[in-house]
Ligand code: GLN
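Next up is one chain by itself, shown in C-alpha cells, the form predicted alone.
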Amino acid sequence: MAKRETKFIFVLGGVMSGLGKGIASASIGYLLKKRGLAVTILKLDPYLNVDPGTMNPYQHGEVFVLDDGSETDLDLGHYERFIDVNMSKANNATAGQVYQAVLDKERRGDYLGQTIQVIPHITDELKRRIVETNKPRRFDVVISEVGGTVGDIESQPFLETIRQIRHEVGRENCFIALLTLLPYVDASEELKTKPTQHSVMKLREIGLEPNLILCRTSRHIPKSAKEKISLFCNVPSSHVIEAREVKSIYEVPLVFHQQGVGDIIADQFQMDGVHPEIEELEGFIHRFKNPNHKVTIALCGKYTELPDAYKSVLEAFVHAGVENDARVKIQWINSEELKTDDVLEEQLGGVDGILVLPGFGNRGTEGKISAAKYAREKKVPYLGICLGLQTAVVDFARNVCGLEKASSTEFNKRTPHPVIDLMDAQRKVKRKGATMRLGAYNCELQPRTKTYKAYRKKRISERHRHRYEVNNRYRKTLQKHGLLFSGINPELNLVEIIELPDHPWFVASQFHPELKSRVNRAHPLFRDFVKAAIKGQNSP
C-alpha cells in the first residue's frame, strides 16, 4: 500500500439517527486494520456546537476526552477501542468548528473581500479537515462518519463535500456505506424496504449513491428483500448487509466479516486480497459469552437512566470482565436516593463492588459520599472516578479525620474545611468550553501500592476532565489518618490517585481510566477492581 493513494470511506445514516454508525465505522476500521492497513476514523457532526463539552449528557451522552485535551463525541471512544489508535482533535469536526474557522478567516481578511458562502467556503474547509487528517500521510484509509441522517438540512454541506471529494479523488478511491433501518411491521408480518429506498433517493438527489447498504433489523433479511433493495437502490444484493442485534458490539466486525464487508471494500479499492486476522476477536467473544464467574457492580451516579452518559465505563467493564473470565452485571444506583442507612443497605447490600461515577454539580453528591463511606466501612471493593475520588476524600475527612463539615467548594462555597477546592488557574474562568484540566497528564506511582501492582510501572499518563482538586493544605491531615496518596502529578504536585492500605481494594483516581480501556487490553484499574470483586465473593 506504500505507493497507493489514500482511500476514503464515508459512513452515512438513513431513516433515523442512533442506529450505530459509530460502531459500523469502527467495525469497518477494525476489519481493514486486520488486513494490514493503517486506518484512522473521523467524526463529522452537523450540529453548531463547537464541541460536546458544554452539552447536557441527556442530549448527547458521554463526552470523550482525548490525550490532547479535545472534548469529542462518544463515537471516538468506539474508534479507539476497536482499532487501538489514539485519536486527536483532527478526528472530530463539528459544523460549529467549521463555520467558526471560516468566519475567523473572513474577519482576518483571508478571503480578500469575497462573499462567504456555503459553497465553496464551508465545503472547502470541510474538505481540508478530511484530507488533512492524513497529512503527513500515515494512513492508507480515512473513514469519515457523518452524524445525523441523509435528508437533514444541516447535513447538506457535508454530503456536498463528499460529492466533491469523490469527484476529485476518483470513484476508485472513494467508498460510501449507508446504514439504514429495516423496520418489521407486525400487521403485515414483513420487513419494509421503502424507508431504505427513500434514503437512497435522497442521496441520489445530491449526486451520491451507496456502494454498500448496512441494514439494521431485528430479524433475518430474506433473499427477496435483499433483491428488492438491490433492484431499487442499484447495488448488488451481496452488498446488502444484515446488521442484526448482537449480544456484544464487538461481534459486529465478525458479523460484517462473515458477510464479506472487508472483501467488498478491498475489491472497490483494488487492493490485494489479504485474509484478516480476526482470531483474537473471536476468542474475546467466546470468553465474553462463556464466563466462569459473575460479579455485580453498583454504579452510583445521577444520570443512571441514560447509560450513554457512562458509555466508556460500561465498555471498560466488558474488557475487564473478559480478562477476569467474568460476566459483570451492572446495578444502576441513583445517588440522589442514598439518603438513609436503610436505603444504602437495601441498594448496596448485595453487590460485589461499588463504583462512584464522575459528574458535575451538587445534585446527588451526598449520596455519592455515603456510597464511598459504605464501601470503606463494609470493606466492599471500591473504584472512584474523578468526582468519585473527591467524594471519597470528603467522606474520609468527615468520618475518619473528624472534620465534620468538610466538603468541596463545588458543593459548598462556605465550607470551613475545603478538602476539595477549585484550582487556582480556574478561579477567573468565565467561559465553560474547554477550560478545565483536560487531556493527558503524567502521574508518578508509589511502589508497593495496589495501584502500582495494577499498572506494574512507576510512571503513567491518563486523561482528565475536571476543575476541582484535592486541596494540598489538607494532605498531611489526610495522610496522618491513613489515606494513602498512591499517585501524584509531578509537574503540578496534585493528587491523582488515593487508596486505603487496610482495605481489600479501595482505589480512586482523579483522572478517567475508562477512556483508555481497549477491547484487546483492559484498563489496569478496572481489571484489578473486577478481580477484587471476584475475590471478595470467596472471602468469609
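These numbers were taken from a predicted model, which means no experiment stands behind them. Note that residue numbering follows the sequence shown and begins at 1.
This protein has a second form, the form predicted in complex with the ligand, left out of what is shown; the following refers to that one.
Here the chain stands alone, but in the predicted bound form its contact with the ligand, taken as any heavy atom within 4.5 Å, falls in 467 to 475 among 40 to 48, 467 to 475, 66 to 74, 489 to 497. Comment: the ligand is not present in this chain, but in the predicted bound form one of Leu208, Cys386, Ile165, Val102 has a heavy atom within 4.5 Å of it, namely Cys386. Proximity to the ligand in the predicted bound form, defined as a heavy atom within 4.5 Å, holds among Lys34, His60, His512, His503 only for His512. Using a 4.5 angstroms threshold between heavy atoms, Gly148 stays clear of the ligand in the predicted bound form. At a distance threshold of 4.5 angstroms between non-hydrogen atoms, Thr193 is out of contact with the ligand in the predicted bound form.
By the criterion of a heavy atom within 4.5 Å, Gln390 is counted among the residues contacting the ligand in the predicted bound form.
When the ligand is considered in the predicted bound form, Trp332 lies well away from it, no heavy atom lying within 4.5 Å.
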